[in-house]
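Here's a solo chain for you in C-alpha cells, the form predicted on its own.
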C-alpha cells in the first residue's frame, strides 16, 4: 500500500511539477488478518468513519467453492433461498449492503461478469434492492482482465459501484471496442445487467412470454453408458444381431451437432418382450441398465430400475425440430442452431424446439437474439449456457407483419442454403467450422447479415448501433409485455423445406 502511494505521488509530481513525499512515514493502514465474511465489519471500523468501500473479492463460481466457503456463503446469504447458485463474490455485496445502512458510503467491487448474467442478477439484486434499498451508481461493463501470473487465463470482469443514494448522474462504461477503447455514457438508471433500464430483474419462466412453441430438454438416458453406442459398437452389434437395426437410432448431443461426430443409441420404446429375448446383446445391455439404476444413490433413479428398456426421461419430437446446444463457445457470433428430423434422438445436452417455422429459426439465429443470449444466459466458465427458462421463455418477440415474416423466412432459408454448400453431403465442413469467427465463409456471413437486418426491421426501422442498444430495446419491450402479463400472438407461416 505504501508502494502504490509512492507511485501515485510520483505521478502527481510529474503532473504539477513538484515532488510530493510522505517521509517520514507517520500513518499506517489498519490491516486486519481474518475471514472477511465472518468478522463484523463494524468491529474493524465504525460506519460513521468510513467513506468508501472498494475491493477485488475472490472470483470463485458456486460449483468450485470449498465446504468452508459454502458455509461462509450460507451464513452471509442466509435470507436468500437460492444462494447456492451465487458466485462467491456476491457475499461481499451482501456484507457491504448491511454495513452501509444509514450512511452515505459508496462502494465498488471488481467482479466476474457472471453475476450480471443468467439467474444470478435476479437472485442477488432482488435481495439488495428489496431488503437494503441499494442503487447502482456507476458500472464498467465486461472487460478482459489479463492476469500477470504464469498460466492464469484471462478473466471477464465488471466493476459495479453502488450505495444507498440514488445519484442523479450515473455512468456506464462500455468496452465493446476492446479494453483500450472505453466509451462512457451518462444514463438515468443502471440495472443489475449493467444496462440503462429499470431495476426489474428477469426470473425463470416455465412457459414463453409470447405465443411460441415450447422449448424442451432432450431425452436423458441415465444408463451407465449402456444405451449409447459408438460407430464401432453399433457395427459390431448389428453384425451379431441384425434384428436390432430398427432399434438403433442416431444420437444427437452438442458435439454431434457442432463437430459432426457420430454416435448411436438403443431406442427401445416399442420393443416387445419376444423381440428383446431374441436379441441377447441388447438384453445384456438392458440388464446392465437395470443394475446401474438399482445401485444409484438417488431414490428416483432407483425407481426407474423397473423400466430398464426406457431412457430415464423421454422427450422426443415427432416431426422436424430445431436443436439448440446447451453449451457453446462464447467466441462465436451466433449459436448455430440446426434442423433435424424425428429419426434422430436428442440427448439432454441439447434443447429442441418442435413445430417451428423458418420465421422462428430466423429470429433465433439473429444478432438480436444473440445480444439477448450474451446478456442473460448463464455461463459455464466463459462459454454460453443457453437457458430455456431465462433466455428463450423471456425473449420478447416482435409483432411482425406478414411481409416482415416472409422477409425473415427468405433470409433464414438463405442461411440454410449457404450452410448446405459446405456441410455433408455437399462438403466436409462442420457447424463448428462454419461458425468459427475467422473461418466463416463469406457467403454465410453475408446471408447472416441480411437475416440480421430483416429481423431488426421487425422491431424498428432504424438499425441498432450496438448489442447494448439491442438489449436495452428488448428489455424495454420485455417490461411492456410483462406489465399487463399478456402474450401477443406471433404470426407464423408454414415452414418451407429446410436445407442443411
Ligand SMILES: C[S@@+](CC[C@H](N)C(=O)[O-])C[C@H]1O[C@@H](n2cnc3c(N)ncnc32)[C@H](O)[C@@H]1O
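Positions refer to the first chain, counted from 1. Note that the structure is predicted; figures quoted are calculated from it, not measured.
Separately, the form predicted together with the ligand exists; it is not shown, and the next lines address it.
In summary, the region of this chain contacting the ligand in the predicted complex, judged by heavy atoms within 4.5 Å and restricted to 469 to 477, 32 to 40, 445 to 453, 430 to 438, corresponds to 32 to 40. In the predicted complex, the ligand stays beyond 4.5 Å of every heavy atom belonging to residue 109. None of the heavy atoms of residue 65 is located within 4.5 Å of the ligand in the predicted complex.
The ligand is not drawn, but in the predicted complex it has a heavy atom within 4.5 Å of residue 58.
Although the partner is absent here, residue 392 lies well away from the ligand in the predicted complex, with no heavy atom inside 4.5 Å. Proximity to the ligand in the predicted complex, taken as a non-hydrogen atom within 4.5 angstroms, holds for one residue of 251, 334, 92, 384, which is 92.
In summary, among the residues 88, 125, 267, 422, the only one with a non-hydrogen atom within 4.5 Å of the ligand in the predicted complex is 88.
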